[in-house]
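Here you get one chain, nothing else, as structure tokens; it is the form predicted alone.
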Amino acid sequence: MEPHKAESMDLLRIEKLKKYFPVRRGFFQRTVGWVRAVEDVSLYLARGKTLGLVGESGCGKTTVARMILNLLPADGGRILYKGNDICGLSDKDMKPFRKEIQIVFQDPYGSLNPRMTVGQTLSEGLRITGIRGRTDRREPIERLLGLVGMAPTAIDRYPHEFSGGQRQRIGIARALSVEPALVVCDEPVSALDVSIQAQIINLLKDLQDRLGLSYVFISHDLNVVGYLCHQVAVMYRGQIMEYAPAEKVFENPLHPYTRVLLAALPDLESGKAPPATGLESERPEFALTPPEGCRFRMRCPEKHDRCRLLNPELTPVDDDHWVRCWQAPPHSTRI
């Protein structure tokens, strides 16, 4: 089974998505195995909402993001954008969707061309929307900069003249220059100071309210995800472990991995460090050969005999709460 909702409400729908990477060794670089980066991932995103994708580094979050943008080909499954399957489209066929699906990168400096002024960077998107003349583009550029809290004087300056937070605002303005409906945010605040992170998150929230944007928000910071996201999907080793509205994930986490992640959050009010979770370190060989049964069982503090026999399916425990765990309660109308 897989998470579902009325398709008429969906802007983005991912069904049984898969991506395997070959492992090559030896002089002839023969394939000796496959890393299952993404396996049977199913998600949906309603219009004007934010889907948070969380998990440890290497769990497959960014791979999913790149497949949504068609920067990586999928090895299986479907990605439906407004009902159109964009998996496997050529660059030419994908071109009409490029305007509607944009990305904000993690590194606000590396994502900007250091040889181009801010005005030149934003002009590229405006040309795509049909605004050709240089003088015609100046007013829309100033409007874009104002939208992200930047002064018009930034037009003639270069990326190295700005702080990290300002560069990320420019990156957001660049994404908005083609008037997208969906923005993929790939850890957009992880490289910024904590005080600046709050400003960028509030900016994203404000832009969503004003422009009706939809976000796929990728992060390992559950505090940020809880503030910004409507739905949360918790990933581990390429699979979704828990998927539910944000309030249910935080108030009633059902998967042991989700509970461990929440337990590791610092107490923002007291400033105390989180207690030790007792979670074992990840074993690198499992990237190539996952253990039989549940993928999390070797680290799970609540594992049972059944966990080593079969990998559980992602199943509903409530109308909008899905869990991949043998210990999860059966489906009911309330939790």
Partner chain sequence: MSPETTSRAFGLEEPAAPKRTRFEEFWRLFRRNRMALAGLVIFAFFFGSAVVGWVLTSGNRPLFDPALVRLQEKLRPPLATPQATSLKPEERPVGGRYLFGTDDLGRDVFARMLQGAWVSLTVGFVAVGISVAIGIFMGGLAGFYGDRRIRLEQLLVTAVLLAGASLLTAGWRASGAWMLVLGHAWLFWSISPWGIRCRKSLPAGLRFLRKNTLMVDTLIMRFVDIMLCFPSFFLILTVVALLPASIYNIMIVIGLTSWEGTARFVRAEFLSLREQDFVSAAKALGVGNLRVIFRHMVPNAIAPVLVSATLGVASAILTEAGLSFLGFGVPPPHATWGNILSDGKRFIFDAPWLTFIPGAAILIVVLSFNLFGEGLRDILNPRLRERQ
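All values derive from a computational prediction rather than experimental measurement. Positions refer to the first chain, counted from 1.
This protein has a second form, the form predicted in complex with the partner chain, left out of what is shown; the following refers to that one.
For the residues E139, E251, E124, D193, the 4.5 Å heavy atom test against the partner chain in the model of the complex is passed only by E124. For the options D85, D93, E247, E161, the one in contact with the partner chain in the model of the complex, meaning a heavy atom within 4.5 Å, is E161. When the partner chain is considered in the model of the complex, G149 lines it closely, a heavy atom lying within 4.5 Å. The closest non-hydrogen atom of R66 lies within 4.5 Å of the partner chain in the model of the complex. A residue is said to contact a partner when one of its heavy atoms sits within 4.5 Å of a partner heavy atom; E187 fails this definition for the partner chain in the model of the complex, lying far away. Put simply, P73 is far from the partner chain in the model of the complex: not one heavy atom of it is within 4.5 Å. Stretch-level contact analysis of 218-226, 202-210, 258-266, 236-244 against the partner chain in the model of the complex, using heavy atoms and a 4.5 Å limit, identifies 202-210.
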